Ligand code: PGA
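Below you'll find only one chain, the form predicted alone, shown as structure tokens.
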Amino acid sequence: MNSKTKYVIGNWKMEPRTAVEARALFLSIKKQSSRIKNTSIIICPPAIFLGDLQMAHSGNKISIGAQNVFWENPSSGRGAFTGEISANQLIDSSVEYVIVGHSERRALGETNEIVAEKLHTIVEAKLTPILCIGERLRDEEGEYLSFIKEQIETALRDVPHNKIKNIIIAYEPVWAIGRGDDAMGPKDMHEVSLYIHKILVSMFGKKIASGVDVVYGGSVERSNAEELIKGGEISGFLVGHASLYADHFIDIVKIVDNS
């Protein structure tokens, strides 16, 4: 692992069902994370629960992230955009990180250009973007590599060089989601990690590229986390389903923390 920073990011998606369950899950993770020393834990709940987690967050080293943001300029933070959430509103809810470009958002119609606009908004608001990239299918000819390259280049093309080091890239191959231990092996992850950094070097130079953290987000479980973190040349994980179970999630955090 190149970076000294380690991350385990919990993406709760559209769970839990109630604010009571969300608060209980957060407090359980908080309690079990007291001995974690070297890993940043980030919890990204549904936006409707941000206020509840903000109250439970006090005095705790766990960071809160958001699953989405609107591209409106954070300096205004207002406008006729029904149902959207601004960067300023996220900041007011103690949010520090924002997931952008998640495969499930892209499947709903978000283009590379929309992802780029949102990422710029996040950077401008001095929040940390978690930029999700990844192919839907993997072909033997390697065309999926061009797909990944286009996602990265479009999202980061106009980002100031001095802001690049503050971006986390989450590689989430869509074809691997739901496959558990049969998803991606450490060798394949290592190759993709090297490829991502190669793209970053071509865009920003070796020094800047070396400061970007890459995490993996395709069916991360406590059963496959250890081999991935040891051999994948990554800085941690973006965890979906397993983040809804405090014991499972903390086991993954411990594996990363001890790597």
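Note that residue numbering begins at 1 and tracks the sequence as displayed. The model shown is predicted, which means the values in this text are computed figures rather than measured ones.
Separately, the form predicted together with the named molecule exists; it is not shown, and the next lines address it.
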query: Heavy atom within 4.5 Å of the named molecule in the predicted bound form - residue from Ser219, Ser63, Gln67, Ser193; finding: Ser219
query: Interface residue in the predicted bound form among Ala116, Ala176, Ile167, Ala125, criterion: non-hydrogen atom within 4.5 angstroms of the named molecule; finding: Ala176
query: Option from 184-192, 96-104, 139-147, 153-161 whose residues, in the predicted bound form, bring a heavy atom within 4.5 Å of the named molecule; finding: 96-104
query: Non-hydrogen atom contact His241 with the named molecule in the predicted bound form at 4.5 angstroms; finding: yes
query: Touches the named molecule in the predicted bound form: Ser235 (any heavy atom, 4.5 Å); finding: no
